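To begin, one chain is listed below as structure tokens, in the form predicted alone.
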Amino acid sequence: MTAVPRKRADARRNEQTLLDAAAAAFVTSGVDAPVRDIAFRAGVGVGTIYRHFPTRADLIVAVYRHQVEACAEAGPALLTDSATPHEALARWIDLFVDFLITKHGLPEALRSGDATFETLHAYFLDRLVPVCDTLLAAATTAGQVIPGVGAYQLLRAVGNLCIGAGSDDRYDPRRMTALLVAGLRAQ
């Protein structure tokens, strides 16, 4: 059995910088942001991006996975650091909303037929539903959330409230999700 070579620390930092720069570019310009703009934000040449991510789809998937991981890792930390489990849930849902409303162009990319995107939705569910479930269970056990709310149902509801974010200035998905989370409170 051969060992998988680990990336050097500077290569990992470069990749992290590229992911952060691409995520920022995707927020402002969508997933079709020019690679040269991403390279400029990261302070690297275009060739560096293609060395790490040979195709745009590879870059989009890497950014998406990186952000899913950050959201997943935040759940346990919020549960530990928040005053109550309900507060942890509310703060995590805020992070989830941030994640969803900054994905300009991602839904279209996911429906593009590119095989690179096929497993992305399942990955998203596999990582985030258990985190949401843990937060819901803690809040329910503490008597702060009504019982019987499923994690998948809640994430789906939040996702539906975030559809069209940014396309209508009169609509605030953050306000609507805050109302949803407030409505989960046990009386």
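Superpose the two forms; the largest set of C-alphas matching within 1.5 Å is the rigid core. When you see a residue number, it is the position in the sequence shown, counting from 1. Not measured: the values here are computed from a predicted model.
In what follows, reference is made to the form predicted in complex with the DNA, a form of this protein that is not presented.
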Let me test this: is every residue among Arg12, Arg36 and Val46 within 4.5 Å of the DNA in the predicted bound form, going by heavy atom positions? yes
Which of 123 to 131, 149 to 157, 26 to 34, 65 to 73 lines the interface with the DNA in the predicted bound form (heavy atom within 4.5 Å): 26 to 34
Considering non-hydrogen atoms and a 4.5 Å limit, does the DNA approach Arg56 in the predicted bound form? yes
After a rigid core superposition, would you say the CA of Asn160 moves by 2 angstroms or more between this form and the one not shown, or not? no
Taking the rigid core as the reference frame, is the Cα of Thr177 displaced by 2 Å or more between this form and the one not shown? no
C-alpha of Leu59: shift of 2 angstroms or more between this form and the one not shown, rigid core aligned? yes
Distance change of 3 Å or more between the C-alpha atoms of Gln16 and Phe96 in the predicted bound form: closer or farther compared with this structure? farther
Hey, the CA atoms of Leu155 and Asp58 end up closer or farther in the predicted bound form than in the shown form, with the change being 3 Å or more? closer
